[in-house]
Each structure stands twice: as C-alpha cells, then as structure tokens.
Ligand SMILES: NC(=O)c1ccc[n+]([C@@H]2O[C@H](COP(=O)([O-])OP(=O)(O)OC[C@H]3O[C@@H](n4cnc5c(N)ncnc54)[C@H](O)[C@@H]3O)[C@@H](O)[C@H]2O)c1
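Next comes just one chain, in structure tokens: the form predicted alone.
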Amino acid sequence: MKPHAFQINRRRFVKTAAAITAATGVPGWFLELEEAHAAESRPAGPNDRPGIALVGCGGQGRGDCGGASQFADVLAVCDVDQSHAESAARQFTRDGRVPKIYNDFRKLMERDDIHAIINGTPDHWHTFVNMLAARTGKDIYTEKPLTLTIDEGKRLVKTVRDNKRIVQVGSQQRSDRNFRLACELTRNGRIGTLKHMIVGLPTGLVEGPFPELPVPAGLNWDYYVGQAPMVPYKGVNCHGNFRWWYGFSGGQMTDWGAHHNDIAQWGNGTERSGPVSIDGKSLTALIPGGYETAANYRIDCKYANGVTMTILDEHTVSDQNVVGGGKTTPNGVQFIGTDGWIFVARGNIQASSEELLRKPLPEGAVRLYQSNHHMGNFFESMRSRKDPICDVEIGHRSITVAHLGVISMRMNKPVQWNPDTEQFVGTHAREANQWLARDQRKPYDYSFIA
C-alpha cells in the first residue's frame, strides 16, 4: 500500500466517524477500536460459499436469507405455504439456478450439499427445525426467540453442543456498536455500581374477536399449527400475526423482549445465567376470542448480584426516572448506576452526562465480543468453528428471561428461579415448573424429528 493511501482512508474515516458521532452519540474513540478490529477480520475467499437452505419463507426469513446470500449459495427453500416458497425461490434464483422447493423441512435436511439452515419459521417451529439441523450436521442461523418454552431451550443447547454445531441467534443488536458500547461501559463501572435496569418494549395489541375463515389454497394449516393445540384459521393467527397467540408465541415479551432482555443480561454480566425472582403482571384485560398475549405489562426481576430490572411496555408508567425525565418508558434499555445512567436503543445512545460516553476506557478494561455484521459473524464462525456473538446458550438464557415473565403473568403470581438448575424454587414452584414445557400435539412432537 502506498504511504498516502492510508492517509486518504484515514481522512475519510475521521469524517465518517464524526458523522456517526453526531448522529448516534457513539464516541470517536470507540469507532477507532472498531476500525482496528475490521482491519484484522479475515475475508472469505471467492470459492468459500457454502450451500444454504431457507426454512420459513415469510418476510423475516427472506430478509435473513437475503443477507446470507452475500456469503453463500441458496440451494433450497421450504415453507408450508406454497406461495411463500415460490416467492422465495424466485427471489433467490441466481444465474438460472433455481432453489429447490420443499414443503417439509425434514426432506431438505437429508441433502449433504446444504451446510447451513436459515430458520425464519414462526416461534413454535424454531426448536424442531434447529434440532434436526444440528443432528444432520448443519449449522444454523435462527430467528429469535430461540424457543417456545424453557424446556425446549435446554434440549436444544444439549443437541447443538453434542453435535458440535454453530448456532447464531438473530439477536442482531449484539452486532450493533451502540449496544456493545453501552454494555462495555456498564460492565467497566462507568456509571458506578449498576443498580437497576429498565427495559422498554412496544405495547401489544387489544383486538378481536375474530371469525373463522377458509384456509387459503396452498397453505397446509395442520402443519403450520404443528405442536400447538389445533385452532381454526382466522387469518390474524397466521404469518406475521402469529406472535399474538400463546399457542405460537409469547407476544411482545418474547418478540422485542428477546432483543432487549438480551442486552440487559449482557450489560449485567448475566448472559449465561438469569434472574432469581420474577413478578409479572398483565395490566389490561383482553377481548375474549381476540388476541391472547399481554398488551400492557410490568415485569419486576431481581438478580443474585442485587441488580433489579423492570420490563415495561411503552404506555405503562414507570416508578423510576426514565430517559428525558418522563414516566413512560421508551423502546430500549436503560442502565442505572450509582454515578449516572446510560440509555441505548437502535440508532441512539444517551447518558446522564456526555462525559460518560466521551471518556475512553483505560487499557485493560473489560472488552466484549465484537461483531460488526451479525450475518457475517455467523459465516466467520462456520469457518473458524468458534462460537458466534449470540451462541445457542446465550440465546436460550436471553429468551428464558422473557419466558419467565410470561409464566409469572399467566400465573398472576410472583415466582423464584434457580438459574443454575433452571427450575422454579420456593413458593409456587410446583405449579410454576409445570409451565417449563407444553403438551405437543401429535404427530408434531419430538418424534416428528426422530
């Protein structure tokens, strides 16, 4: 490289860094570290393109696969809705090569030329697809939330580790500089001793009741419902709206909660553990025959290190001072310590004092796993066989927090949790432990992927 080439790139970097700092609040010293890390990353070779398959061809799945197609060749797509599968096949046709369409993911798992699965299915199908992929020697990029139940997570972690597979959970905020900066500063005591965390999630929906509708041509509704109790097709309980029904998901608690609870755990240093007490309340009555998951809610948690956490929807009043001095909670994560606070959201980081962000961390400070591209990090891990930034256990522990909140809300009782044994303890333990797993409708139980 010519001497002046770096200078030109350096000037460009300084201008870019200044623009990023102005727009997001990310300090220049942190961007310098990112630049150094990017220079050390090993790029893929021109022939280093594994074969991949997309399972679950809705909008999120196709979006994920679009990112993955930068690094790999899409050989197959699978969906129980024929129109979704056909749309995906058209989207990922390259140079006349059309991905093969499947309507049963078990069939495509038999192919040796497919090295990784992109899992964009609804939440209640994540575990079955991921477990079979691991057993058949495939690496996995899976949408969050990782599981439908805590028991599924324990089973999946074991299956992935036993088969030595790479799993990247789609908690892409971990690959965002704002969130890593907030967690690094918190972990290094920049706000003093961490005392409390406020997690703001979107408010859910209160709508209904909904009539039964004819099942659209090309949709295998029995297969879509899968392990959940059979329910009539209503349109609003399929595809993008599945998350508002407890048979398929857990509402905003397991949707956005999978993202923000993950960041809270990262900043608290409990990403492979969890809280010890949870008190969840649904605050708004839902309409019979309508959406089932909580719309307004409050979850109070406590960790063994004494840190507390409150999870609120954006319309619920907080009893703590939140960002901007208001009482309602913006979508994001706020870390509150003895010496100040830091709030982080997508595209935004703020602090009680600008100095908390501007002052560089000293040498020897705790540095967290750095990824600047979530999908790229997955393919790097496929090559290196080292865990990605959001591995299977981290994804399991993060969604466990959300599952605990949902269980407490649905029981309408506070519960105590042992994160080491992953069992409820104390008062209400016997009742609560019955919620760790769900009955699975045959034939869509674990024998379906045996």
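Start at 1 and count along the sequence shown; that's the residue number. Note that the structure is a prediction, hence the values are computed from the model and not measured.
One more form of this protein exists, namely the form predicted together with the ligand; it is left out here, but the text below deals with it.
Asks: Looking at 237-245, 288-296, 275-283, 131-139, which stretch has residues with any non-hydrogen atom within 4.5 Å of the ligand in the predicted complex?
Replies: Selected range: 237-245.
Asks: Although the partner isn't part of this model, could you tell me whether Phe105 comes within 4.5 Å of the ligand in the predicted complex, counting any heavy atom of the residue?
Replies: Yes - in the predicted complex, heavy atoms of Phe105 and the ligand come within 4.5 Å of each other.
Asks: Does any part of Gly59 reach within 4.5 Å of the ligand in the predicted complex? Heavy atoms only, please.
Replies: Answer yes; at least one heavy atom of Gly59 falls within 4.5 Å of the ligand in the predicted complex.
Asks: Mark Gly267 yes when one of its heavy atoms lies within 4.5 Å of a heavy atom of the ligand in the predicted complex, and no otherwise.
Replies: Gly267: no, not in contact with the ligand in the predicted complex.
Asks: Any of the heavy atoms of Gln172 lying within 4.5 Å of the ligand in the predicted complex?
Replies: Within the cut-off, so yes.
Asks: Quick check on this chain: which one of Glu271, Asp313, Glu143, Glu380 has a heavy atom within 4.5 Å of the ligand in the predicted complex?
Replies: Among Glu271, Asp313, Glu143, Glu380, a heavy atom within 4.5 Å of the ligand in the predicted complex occurs only for Glu143.
Asks: Just one of Phe179, Trp125, Tyr303, Trp341 has a heavy atom within 4.5 Å of the ligand in the predicted complex. Which one?
Replies: Checked against the cut-off, the match is Trp125.
Asks: With the ligand taken in the predicted complex, which residues across 383-403 come within 4.5 angstroms through any non-hydrogen atom?
Replies: Heavy-atom contacts to the ligand in the predicted complex: nothing from 383-403.
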